[in-house]
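Shown next as structure tokens: one chain only, the form predicted alone.
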Amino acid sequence: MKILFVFAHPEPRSLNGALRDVAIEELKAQGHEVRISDLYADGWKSEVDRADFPSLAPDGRFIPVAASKKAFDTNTLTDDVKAEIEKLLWADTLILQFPLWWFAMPAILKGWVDRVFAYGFAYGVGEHSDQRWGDRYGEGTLAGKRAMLVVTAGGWEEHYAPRGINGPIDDLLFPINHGILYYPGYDVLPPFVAYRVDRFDEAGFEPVAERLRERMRTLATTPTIRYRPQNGGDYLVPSMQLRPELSEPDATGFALHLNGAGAAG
């Protein structure tokens, strides 16, 4: 299997760096081909600006969505973005690893998504009409590939439990898993999350490392999160509302978009 590992932590000697090394070592031991995008080490430019679109007229109004579409259609995206798109097309599986900072991914990784998931590549794909609202949420350019998150958090696991003060971890990661990975077609694996990482010592590290090795050994067989595909009949087009008969009338929240009671299957 071909795997793209995108790493977003500024310190290679951190716990994140150690976990990255564990994961990559295990993947290679299993015979997988691994390519790495180390965003901090590579000096990744995170912000979207006019410099991303060299063909844009100097006096032209900068509309990022329109500029992205034109640059993708005309093959004038910048070389760094083109290289990452090529990696995504090459890989069978995408792994994003990052620390949870203020309930989200670090800005450099969000910037990687903002720049690499170009219009015409990751979104704006397929027919948009009263019968179909594009190829997304289970379809799209990256359909048939797998993706997962490797996340570290300083808080206790209990703090991220269903009744925890920080909110359920699955809800916090929903915008990434569903809105970034599932949107362009990835089959999304349940995330690997390590908690209380600021308090790790060597004895505490090894059980987490072994748990991560096991996830790397089972990348191809782990059941994916059972999100509802957009064009599978569960949503009304073009309002994109879940059909009322598929949930309780007053039900709300992210769990509506899971196909059944369980999160994976």
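From 1 onward, residues are counted along the sequence shown. In this text the structure is predicted, and so the values were computed from the model without any measurement.
One more form of this protein exists, namely the form predicted in complex with another copy of the chain; it is left out here, but the text below deals with it.
Contact with another copy of the chain in the predicted bound form, judged as any non-hydrogen atom within 4.5 angstroms, is confined among 70-78, 143-151, 83-91, 159-167 to 159-167. In the predicted bound form, at least one heavy atom of Pro64 sits within 4.5 Å of a heavy atom of another copy of the chain. Under a 4.5 angstroms non-hydrogen atom cutoff, another copy of the chain in the predicted bound form lacks Tyr195 among its neighbouring residues. For Asp49, a non-hydrogen atom is located within 4.5 Å of another copy of the chain in the predicted bound form, even though that partner is not displayed. Using a 4.5 angstroms threshold between heavy atoms, Tyr40 counts as touching another copy of the chain in the predicted bound form.
Interface residues of 89-124, taken as those with a heavy atom within 4.5 Å of another copy of the chain in the predicted bound form (partner not displayed): Trp101, Trp102, Phe103, Ala104, Met105, Pro106, Ala107, Ile108, Lys110, Gly111, Val113, Asp114, Phe117, Ala122, Tyr123, in sequence order.
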